[in-house]
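To begin, one chain is listed below as structure tokens, in the form predicted on its own.
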Amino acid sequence: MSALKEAPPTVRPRLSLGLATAISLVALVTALGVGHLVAGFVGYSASPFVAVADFVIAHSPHPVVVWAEQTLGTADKTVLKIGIAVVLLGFAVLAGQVSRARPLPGQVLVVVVGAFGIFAVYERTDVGQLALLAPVLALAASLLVFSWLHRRALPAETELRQGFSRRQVLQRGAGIAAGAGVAAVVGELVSSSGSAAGSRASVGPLVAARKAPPLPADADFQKLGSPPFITPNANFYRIDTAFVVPQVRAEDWQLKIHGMVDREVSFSYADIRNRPLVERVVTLTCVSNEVGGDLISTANFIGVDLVDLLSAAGVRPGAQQMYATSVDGFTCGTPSSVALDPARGAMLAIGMNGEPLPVEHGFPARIVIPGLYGYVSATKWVTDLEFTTWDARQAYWLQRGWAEQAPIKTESRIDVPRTSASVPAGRVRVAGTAWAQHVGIAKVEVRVDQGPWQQATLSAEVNKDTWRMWWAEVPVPVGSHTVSVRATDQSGYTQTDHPADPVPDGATGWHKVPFTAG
């Protein structure tokens, strides 16, 4: 009896790992391109990539936020972009790996990632419901491309001759990816055509009815190593939660004041521009500034007195905070007593250093309140002011453990010599900056190693809301040394040598710089 031959088992076709991954990457690029294209028409912030990034910023655990600010500084947004890109690439590779035999697992992953993009856009407060078109169409396009390429690359046995070759699949995938890139560029161009830059360019010169006094000749010691007194706009520090700079046209901007007020009022940009403008020189400081850090800058701001706008609304007794909201949803709580104090000099600023506010610094308008750290006083792209109580509302940074009251602490910094610098022994020049906004600097002292304190020469005081430069010459023998600095403000307080982290209300400690004399 002859043995019966067994029929060979049916081998289910599978994509190679490289081809499956390529299909997933094309689907990812398609989603990003289509989303960016549609966002160009319905609002730049509706781009799924942008929305997801802002979602991550808004919902990151507090320790992560603090670490990012202190470690990465102004590079945190760039690192976030790279991180999200890596995660998306990871999902694309995973979708390819699990879909080599059939498309369903990859399709599920595409839907999950796309749904997250839809949710991120839905949660935004700076776009309308039409903005959901961007992530929805991005998901639909991605799913369609993924399914179509997969179906062509993995035919059933009976349809083998109708399938595409590997080269044909790759060619069509490359064409789709190129089209997605073009779509993204078109979306960028469409968005830019209606951006804030064009609106800002049409504002024209801003002339203050009440000008700031001219700066004295010795307002800084730049030739001796201090920074310039006025920080150029391009060098002004920028710390905010916006992943993409909000694009608000002056023609579309409006400020609403409401809450615990006698009457709700609104102001357009033209309303503000046509008021008598005031000019003030103010130093702004970020609460994240480490001892010796550079998150501090000074500018000549032009705008209107905030108290005049608030008087039009009639703030009621019992209102504890001015809860400011930016166009991108960022919130900031300022003590009402400070915002309403005419002596404080709080402004709604529309100009900075002789030109309209730069877009990245808040165009069309921002809040500027001297003497408070920026997270409670300097809302950019501001569009809403609500007067309320501390219990009723918690602003962005208060929810993350930062202090409710945030007066800027008296601090000082050494600008020269630099850390680990080598200088000639003998008389060594030390120069730097000190600040105690809204109080004023009275004295700065330096010492080498554990030697006696020596009083430094101060620059002319411009006003109590700005920094003050200083310099001194100290005798230094050959060897390794450390120079320290401390400031005393005009209330008589001398800054503490006790080191404290920026959280929750600003860093403290003496700035110390090691150097070598030879």
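Sequential numbering from 1, following the sequence displayed. Please read all numbers here as calculations on a predicted model, not as lab measurements.
The discussion below concerns the form predicted together with a small molecule, not included here.
Think of it this way: in the model of the complex, the small molecule has a heavy atom of just one of Q321, T433, T285, S142 within 4.5 Å, and the residue is T285. R366 is the sole member of R124, R344, R366, R280 with a non-hydrogen atom lying within 4.5 angstroms of the small molecule in the model of the complex. Contact between N300 and the small molecule in the model of the complex is not found at the 4.5 Å heavy atom cutoff. With a 4.5 Å cutoff on heavy atoms, K409 does not count as touching the small molecule in the model of the complex; it lies far away.
Contact between Y237 and the small molecule in the model of the complex is found at the 4.5 Å heavy atom cutoff. Within 4.5 Å of any heavy atom of the small molecule in the model of the complex lies no heavy atom of R100.
Partner contacts here mean any heavy atom within 4.5 Å of the small molecule in the model of the complex, and among 206-214, 109-117, 82-90, 321-329 they occur only in 321-329.
Not one of R413, Q454 and W470 places a heavy atom within 4.5 Å of the small molecule in the model of the complex.
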